[in-house]
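What follows is a pair of forms of the same protein chain, given separately as structure tokens and numbered structure 1 and structure 2.
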Structure 1
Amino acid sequence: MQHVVEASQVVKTFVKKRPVNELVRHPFRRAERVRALRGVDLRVRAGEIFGLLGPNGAGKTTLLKILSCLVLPDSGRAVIGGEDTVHEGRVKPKIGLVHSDERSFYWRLSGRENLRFFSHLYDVPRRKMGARIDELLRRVGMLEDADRRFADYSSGMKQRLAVARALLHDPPILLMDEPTRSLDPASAMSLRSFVREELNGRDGKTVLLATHNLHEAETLCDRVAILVRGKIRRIGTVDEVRRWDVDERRFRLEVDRWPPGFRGPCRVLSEEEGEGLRRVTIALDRDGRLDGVLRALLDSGSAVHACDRIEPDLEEAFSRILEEETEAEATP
């Protein structure tokens, strides 16, 4: 399998800017450092949609900027389409970056004029420029508003224009930093299907997408990595990451009565009452047996109306990692 984006042992530490009044009061104090990335390894395969998941401040944007030659790593290597990012000239034609920052355009120009300017920078041949811009505007649904000033656009429109810009030179690799952050649910859904069906499905582009929207990662990504405080904690398919470290299976039972003091071969996670039934969620160890639980229930005289398997979701995996992280922090 060919990897088109590779990061190995990427480390980045930022020096926090110190406000002037502090500089005056403590001129010799060392500036505070932020370890944004602490040895990140990542491999994205050609043609996949890869999700970079992480809470605020995890280092997602920093990693994407390193991959797009906008930030230099302290150490480690980043390779895009076989080219090390130190060779900017060879890397940049291969990537399109969708900034999370919705400014990054000229406010007094229209959307079309903005794209025209950037087409020159992206080496779009002049003969094809007009047609290319129109096609992209149509694909992101901005054709009608193309001649309004950028300043008058809504956040969602700005975001869509940013996607169009990243596609001007038809790069094989797209780096998207929270592309749906300022979109309403319907627009977010349509952007996701645009990425999935057209960019990835039809055009075969590789997409590396940073997000903290777990639902987005679940619906869109082939594989995900969870980045927390500058380190990758999990990496794999969405299913693998969900089930990671989970050695219990969960079921939801609907019973007419839960025998008081029932102690089957399981743990009760929650119980609720509704419509004359009790809904009980239980967890079994990896080798615990469901039939044992059911038999014990039936023996005690309960009637079982339903039994559903519950899959762990990404959200849970995510909060588990965050918990581990806080514990690790508490015990140095």
Structure 2
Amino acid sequence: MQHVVEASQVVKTFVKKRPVNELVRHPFRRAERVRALRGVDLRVRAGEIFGLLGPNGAGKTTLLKILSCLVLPDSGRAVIGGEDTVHEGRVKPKIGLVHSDERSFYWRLSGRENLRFFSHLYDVPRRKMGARIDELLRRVGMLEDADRRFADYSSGMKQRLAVARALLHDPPILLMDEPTRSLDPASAMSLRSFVREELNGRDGKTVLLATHNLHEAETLCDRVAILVRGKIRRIGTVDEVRRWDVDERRFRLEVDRWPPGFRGPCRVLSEEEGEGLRRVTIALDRDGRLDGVLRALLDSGSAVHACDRIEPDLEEAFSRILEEETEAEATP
């Protein structure tokens, strides 16, 4: 399958900002450099929604800026739709960037006037400009509020206008940097639905989504990569990543009683009372057999009312990866 977004060994460092008093006291001291990206490799397939996950400061925004031609890498190569990002003029028509920086709009202008201004920057033909703006305003649910000042918009309305702006020139690839960060739950759900059903499902656009919202990644993304301290640590489907390094299977049983001292061929993780039944969470290793546990319980005189498999979630995998990185940093 064709890859439309590629990053190969991308490295980026920045000069750390110094306080004014330090600049005055030590004007000739060498500035400290911070490594934002440490050899990132990434491949995004055409037509997929790809999630870039990581804690704050992991390098997600820096990578998106490199892919959108806003920042050049120190080394390595970034390619969009077959074009190297050093060729800005060839790359820009292929991408639309959605971010939550409201300062990039003109607050005294209306939403429609803002889109008209950016349409000129994106070289949208004049004869098509009005119809294109109206179509996008309708699609993002902003047509009725199009002539209000941008300054009077809610956070959700501003974000929807940001999506409309990114679509003005109808790019095949969307780069989205935490698009739901400042939205209330209802607005965030609406935007996710629009991305999945309209932009990706109907229009077939490729979406690279940077977020630290794990629920958002699970509900939206076909594949995800976890970025920690400037390096990709895990990459794969959501199911593959959340099952990473999991050697056991977990089940939740509802029984009328749990025999005292009973362990059977399993490990008990938790026990709790509920509505006349006892809920017990157990873990089995890869070779353990659930039927052996159930048989042992029945032989002990206990009745099993329910048995459910507990699937590992992305939050657990994310925590394991962060813990692994912390331990690696602490190891001399």
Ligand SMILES: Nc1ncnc2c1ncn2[C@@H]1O[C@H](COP(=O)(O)OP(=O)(O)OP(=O)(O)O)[C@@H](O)[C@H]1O
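The first residue in the sequence of structure 1 is number 1, and each one after it adds one. If you superpose the two forms and keep the largest set of C-alpha atoms that fall within 1.5 Å, you have the rigid core. Fair warning: this is a prediction, and the values are worked out from it, not measured in the lab.
Between the two renderings of this chain, the form predicted together with this ligand is found in structure 1; structure 2 comes from elsewhere. Core-superposed comparison between structure 1 and structure 2: the Cα of R309 travels less than 2 Å. For R30, the Cα shift between structure 1 and structure 2 is 2.9 Å when the rigid core is held fixed in the overlay.
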